Structure formats: C-alpha cells, structure tokens
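Next up: a single chain in structure tokens, the form predicted alone.
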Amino acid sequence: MPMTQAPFPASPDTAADRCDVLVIGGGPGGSTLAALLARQGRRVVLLEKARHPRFHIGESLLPANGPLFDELGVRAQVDAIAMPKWGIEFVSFQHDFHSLLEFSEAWDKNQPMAWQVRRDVFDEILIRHAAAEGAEVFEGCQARKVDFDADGATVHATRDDGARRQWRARYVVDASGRDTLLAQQLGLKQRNPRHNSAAVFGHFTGARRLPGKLEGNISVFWFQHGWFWFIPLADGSTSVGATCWPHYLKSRSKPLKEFFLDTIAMSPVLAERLAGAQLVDDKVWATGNYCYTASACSGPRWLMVGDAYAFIDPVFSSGVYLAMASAFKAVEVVEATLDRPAAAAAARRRYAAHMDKGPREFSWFIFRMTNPAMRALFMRPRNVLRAKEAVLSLLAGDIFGRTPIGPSLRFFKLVYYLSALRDWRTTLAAWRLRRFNIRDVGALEGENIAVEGR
C-alpha cells in the first residue's frame, strides 16, 4: 500500500519562524525579488527545493536583462561567466539562405548585446546575491503547502532530509517556476489552449559555431515538427534542443538519445554543425506540458512571479527576462500591501497588467512562428516604417519602456496578414496543421526528466 504523510502540524508561534516575506523558489525571479526586498531591510526567507548549482534549461538571455543586472548589482559577475550574444540566426528548411539579425539594428541602439549563460552558474550568482543582500536562504527545502488567513500565511515545507519546517509570513511570493505551487493549490492553472509544446534537449561539445563575433549568437532552425535552438556557452559546450509538437515526442518508439539524434538529422544544416560533436555525459532531457497560464497573478497576501504565473514557448528567449522584470515590478505590490494597505488594490491591478503584457506581446509571434508567411518575413526582413527595428526591439525585450515601437509593430502585423491572405491556400493548410498539432495528447508532464543511455 502507498504510504501517506501525516497532516502538517499547526505552525509554532515563535519569532524565529516569522518573516515579512517568504519567497518560494530560488530561480531568477525569486532570487531577484528576495534581494530587492532584503535590501529594503525586510526579513525575507527564500526556500529553494534544490541545492545550487543545479541543472536548468533556458540559457539564452535578452539585452533588456542588462539594466536589471545593473540595478541588482550583478552585471560584472554575469559578464564574467557569459558568452556575448549579439544577435539571432534564423535557418528555414524552406529557404536556401540564412537570416542574421543583430540587436544593434533595434530601435534603441543602447543595448546591442545579450548573454548566453549556463543556468547552474547564473542562477547560483543570483541566489548568492540574495543572501548577500540579507535574505535568509534555505536550500534543499521545498514548500509543500500554504495556509492563508487574514494576517498572512503559514508555509509548510519539507527539507531534503525529511524534516519539516514552517514559517509564518506576512506575505508569500510564488516563484516556484513550473512547479506552479499556488496556481495548483488554488486551482488557477490552465493549459494554454492556443499553444502546446514539448522539448527534447542536450549539451554537446565540439559543435561548429558561427565565426568571429557571431560565435555567441543563438541559432533557430525550423524543421517539420517545430524548431531547434542552438545556444553556444562560454565553457565550450553548446545547448541544443528541439521544441516540437507533443504528439511527435509522444510518438517515439526508441531510446530518447536515438530519438533526439534522429530528430536532429531532420535539419541538415544543424546536423552538419553537430557532425563529430559529442553529447555531454551522454545525457538527453525531455519535458512536456510546456505552455500554461494562471487565471490570477496575485491575491491579498500573495503574488506569482515568472513561470509560476505563465510559461510560453521559449523561441524568443524571454523566460529569464520576464521573470526578473516581474520581480522588479512585484516590489511595488509587496510594499503597498505591507506598508500602505489602501494602495494595495491599485498596485495589484498594475502588476496584473504588467504580467499579462509580456506573454501577450511575445505570444502573437510565437503562435505564428511555424506559419510560412511568418517564416518568410523573418527570413527577408524589411525596415519599411521601421518595422524591422520594432520587431528587433521586441526580440530584445524592449516592451515595458518608452520606445515607441507600437505603430511599427502594428504595421508589421498588417504586412503579415496581407501576406497570409495573398497565399491563402498555404495559410489555411498551415492553420489546419497547427490546430491538429497543438491538440492535447498527454505528452510528458511536469519538470525536466533526465534520461541517460535508455
């Protein structure tokens, strides 16, 4: 018979277990917010279920991360471990040439580069910085349940040695990423009905990169079941993965490593760049249940940051930026709730608008990335009415500032619709295929699953 745990006991009423804010999750969003709040002199507890350094995918960052690094005080540390990323290469199986776009071509010329980072190293920099700012960091300690009441919340956690801990917090932040602790507990999580993806990925040594300054650029390769990423890292390894339709991943009938290598072979250009390359530790990973959102991002004594609220297809490397940007915006909500309760409702409304804007701006492009009309525009970009500059600004993460890209983005979208209408038969066939591909087939669920030699 399966064993069941006894209910969590009542929280002890001790000062040692009390804090102003308890942050669940020590990824980029949680660590950033913990550092910012601790810097204000608040008592902040951060719970991270793993122990850093720990593996995580999502190594490609955006130029818009730069000002956040500066304000947080970690820019020099990130520069020291990162591969400079000056732009994006797009490779289409329907075109015999490549498209190279550089961030220096964006509307705002002040942020011409981004970073490729090993997430185990990058995330450790951020969580150690949170501790240096005064946050109490508990690694190997997983939050299991949150009980809310009028004065705050009791957070129940389990350490990796099996011992239980509890904290009494005036405010709770869910930065648990794809664990989505509060969204699950409160029944707020919902699958994105307009997108559904899975991924299989690994790290290679000996991959052939672009020459010179372009070495650190991310490359995106379209193929018949989705798209590949190719992310060069400073330690000489390269992150390679296929984001694909779940039914394709579900269809595999061979060990995952063989399936992954067979999938790579579907992109001859990518396969050529990996000729002679070796998988690091012979390890391949797979993950599913990719795209979701929650029906609310905050409540009277809680809020979600980053992936705890929503996750979108990572084709434009927006994940870390949206998580960190949401952490900076969340400070206002926490401050208002704890110090100026009359202003809390308005702060929550502004936060909700912020949280919806990022995924919405990126998703319009993501939903159409596999459409031939969109591929053609990315492969032959034109700067009519500054449309190319506006799209590159969005790809750089410049969506929350004052850069006036809105009209030019609307023009780009009009061009897309006219292009799709002109070749309506191809567009209709692509739309029908996408509707078929995004159906829910019960692909891999939950966090990353490592598969070695199977």
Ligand SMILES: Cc1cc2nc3c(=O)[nH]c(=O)nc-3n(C[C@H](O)[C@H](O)[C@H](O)COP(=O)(O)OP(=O)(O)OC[C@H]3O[C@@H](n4cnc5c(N)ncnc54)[C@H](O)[C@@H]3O)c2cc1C
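The structure displayed is predicted, hence computed values, not measured ones. Numbering starts at 1 and follows the sequence shown.
Keep in mind that the form predicted in complex with this ligand is not shown, yet the notes after this line are about it.
Engineer: Are all three residues 81, 205 and 279 in contact with this ligand in the predicted complex, where contact means a non-hydrogen atom within 4.5 Å?
Structural biologist: So, no: the whole triplet misses this ligand.
Engineer: For the chain seen here without its partner, which of 388-396, 416-424, 56-64, 401-409 has a heavy atom within 4.5 Å of this ligand in the predicted complex?
Structural biologist: In the other structure, the partner sits against 56-64.
Engineer: Classify residue 361 as contacting or not contacting this ligand in the predicted complex by the rule of any non-hydrogen atom within 4.5 angstroms, answering yes or no.
Structural biologist: Outside the cut-off, so no.
Engineer: Taking 4.5 angstroms as the cut-off for heavy atoms, does residue 314 touch this ligand in the predicted complex?
Structural biologist: Residue 314 belongs to the contact set for this ligand.
Engineer: Quick one: is residue 298 in contact with this ligand in the predicted complex, heavy atoms, 4.5 Å cut-off?
Structural biologist: Result no; residue 298 lies far from this ligand in the predicted complex.
Engineer: Wondering, does residue 142 line up within 4.5 Å of this ligand in the predicted complex on heavy atoms?
Structural biologist: Heavy-atom contact with this ligand at 4.5 Å: present for residue 142.
Engineer: Using a 4.5 Å heavy atom cut-off, which residue among 201, 328, 302, 223 comes into contact with this ligand in the predicted complex?
Structural biologist: Filtering the options by heavy-atom distance leaves 201.
Engineer: Could you tell me which one of 101, 374, 91, 181 places a heavy atom within 4.5 Å of this ligand in the predicted complex?
Structural biologist: When this ligand is considered in the predicted complex, the option within 4.5 Å is 181.
Engineer: From first to last in sequence, which residues of 217-256 have any non-hydrogen atom within 4.5 angstroms of this ligand in the predicted complex?
Structural biologist: Residues within 4.5 Å: 229, 231.
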